[in-house]
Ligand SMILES: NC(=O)c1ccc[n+]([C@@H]2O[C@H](COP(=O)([O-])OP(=O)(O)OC[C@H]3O[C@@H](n4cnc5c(N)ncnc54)[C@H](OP(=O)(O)O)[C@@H]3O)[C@@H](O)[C@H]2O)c1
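So this first bit is one chain, no partners, the form predicted on its own, shown in structure tokens.
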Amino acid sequence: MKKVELGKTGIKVSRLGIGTGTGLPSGHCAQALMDTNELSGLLLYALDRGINHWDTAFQYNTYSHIKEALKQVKREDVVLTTKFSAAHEKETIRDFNTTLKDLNVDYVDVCLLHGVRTNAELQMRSGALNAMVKLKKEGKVRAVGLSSHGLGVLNSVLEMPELDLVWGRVNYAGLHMDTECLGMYDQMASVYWLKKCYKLLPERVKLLIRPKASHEPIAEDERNEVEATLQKIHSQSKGIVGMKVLAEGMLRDDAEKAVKYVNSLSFVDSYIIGMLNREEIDENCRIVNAENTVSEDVEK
């Protein structure tokens, strides 16, 4: 599979990456519920197909699965991305050290602030970002950035040279993409102390607040703004990785169109899909490889 550089980080990844945090309606992560050998085997199969980018997060609970897969490959053959939801420096350092131990690695390739929604939230989590920048200087992280869950934060990235890359939600249908209009859960999650309180709520209350799958796309002007902003960010030599390509599975029946669309976006270096079996890996690899072959032929 074709490899591309993430912005100007020097990190080369496959056009298609494999995610390990596919969300279920229950709030659980589908990959975390897999047997350790099942997911580790799937990651190794993906690597055999040329997918060298494995995406995870501290809260996904998939570190043990990834650790098992890493035992069977050279560390430098895999690009590992993880994300942290912490707000403060000490908390982030603590979670990062736990990550190194749980994965049995000496470094992580990409370290992200997880699911940032607004500029205010980004400022509130400046301590976490400072920790990541320090870890990069120490050689324990190769690049730092954030995954975006709100249109408000994307414009802020343009004013932050310390950020090397962005994970952005993008798909042709405008489903589960970034918006200024945040639901109740996202409003709570963007305020750190409210997010902490959410964890203490009874499960039945969490179910009422937890965002439901929406079949309503964001407004067309907002979708265009998201893409225009990502393009501006990419023009600053920052890496862009697309996520929610299949809109949390809602576009799975039209995967070919969805993958082709994101693959056509010049400002998207790579994109992550949470694939749950070998058949999905094979199908998505077929689409990506065919698209990249066409692009190479056109360039010639």
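None of the values given here were measured: they were computed from a predicted structure. Just count from 1 along the sequence shown to find any residue number.
What comes next is about the form predicted together with the ligand, which is not displayed.
Under a 4.5 angstroms non-hydrogen atom cutoff, the ligand in the predicted bound form lacks R223 among its neighbouring residues.
In the predicted bound form, at least one heavy atom of T22 sits within 4.5 Å of a heavy atom of the ligand. Using a 4.5 angstroms threshold between heavy atoms, T179 stays clear of the ligand in the predicted bound form. The closest non-hydrogen atom of A255 lies within 4.5 Å of the ligand in the predicted bound form. Only one of I233, I66, V245, I51 lies close to the ligand in the predicted bound form, with a heavy atom inside 4.5 Å, and it is V245. Just one listed stretch, out of 112-120, 155-163, 97-105, 135-143, contacts the ligand in the predicted bound form at the 4.5 Å heavy atom level, and that stretch is 112-120.
Residue K83 is the only member of 65-86 with a non-hydrogen atom no more than 4.5 angstroms from the ligand in the predicted bound form.
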